[in-house]
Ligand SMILES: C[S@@+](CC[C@H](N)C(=O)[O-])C[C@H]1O[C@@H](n2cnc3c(N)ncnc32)[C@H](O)[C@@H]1O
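Only one chain is given next, in structure tokens, and it is the form predicted on its own.
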């Protein structure tokens, strides 16, 4: 009887694990399999060590404000989180306003397509994706606009993932990815017809340096659009809760420091851009971008149980549970930032490089 019970229990646990991993899929959509979770370019036995190293940066805040240290800081972060993001969120590492009657996937695609529509490029033009991640936006934009999209990311693992996805999607003839630092991009002056960045330049310690590089590589008359992470006019630096929320977002998302919304246009003008349009895409009538985070709470606990089991079995690297927990805690800070209105991940600025 005991043997039958043991066999039955083992079979039930095995079936449940198979359902979690192979049938149910990720928190929001089926994508990267849970059994393939890794530390990116970090070796299996070094993930926990690198997670601790990531948090050690915040004990030396001056380092994450410097041009020299930020690449290693951001690269470590994306080695730790890229697989979890793909598995639990999708291939587009950004937010988008909720659209009634539309899926998260469709809302994300429309948010991306709007970016390329804003920069008024035509099929065959060469455009730059500044901070491309694993290329979700790049592929949506290339398919929509038929432009040639070059993406740049600091993380070599993301380069490899993006190239793999580009090929699978049959878009590698339009999409190219390079590993590099957007503070010092390996492109010639005046070489792109347009450029965009979607929630990426927030990782820069000095936004002026990024915008100056984008200005340099754009052809005269070229347009650049960015969706920026900012604190809004509702943010009060003397309010302890506001400070806690913003610091939580910064520490859980590898940010040297969030900028206030009114700094963005000022910085763009300083490097020579003309401001064509600037507005916060998160404001009404847009629906809350953070609804997806709220809806994912049950999925988080389901996935956290799975990650814990996989780490205990040695399938997922030691440290994966801590990384997954960090992202959940950060999701709560992001939700609070959205609920209070003190934070926006989509302050849009559209700029033009003058003809002369």
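Remember, it's a predicted structure, so these values are computed and weren't measured experimentally. Numbering follows the first chain given and starts at 1.
Although not depicted, the form predicted in complex with this ligand is the subject of the following passage.
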property	result
Residue stretch of 86 to 94, 275 to 283, 211 to 219, 230 to 238 approaching this ligand in the predicted complex, non-hydrogen atom distance within 4.5 Å	86 to 94
Contact residue in the predicted complex, chosen from 120, 176, 181, 98 - any heavy atom within 4.5 Å of this ligand	181
Position in contact with this ligand when the complex is considered in the predicted complex, options 268, 246, 225, 152, heavy atoms within 4.5 Å	152
This ligand contact at residue 127 in the predicted complex, heavy atom, 4.5 Å	no
Partner contact for residue 192 in the predicted complex: this ligand, 4.5 angstroms, heavy atom	no
4.5 Å heavy atom contact, residue 74 to this ligand in the predicted complex	yes
Residue 162: touches this ligand in the predicted complex, heavy atom cutoff 4.5 angstroms	no
Residues of 188 to 204 having any heavy atom within 4.5 Å of this ligand in the predicted complex, listed in sequence order	198, 199, 200, 203
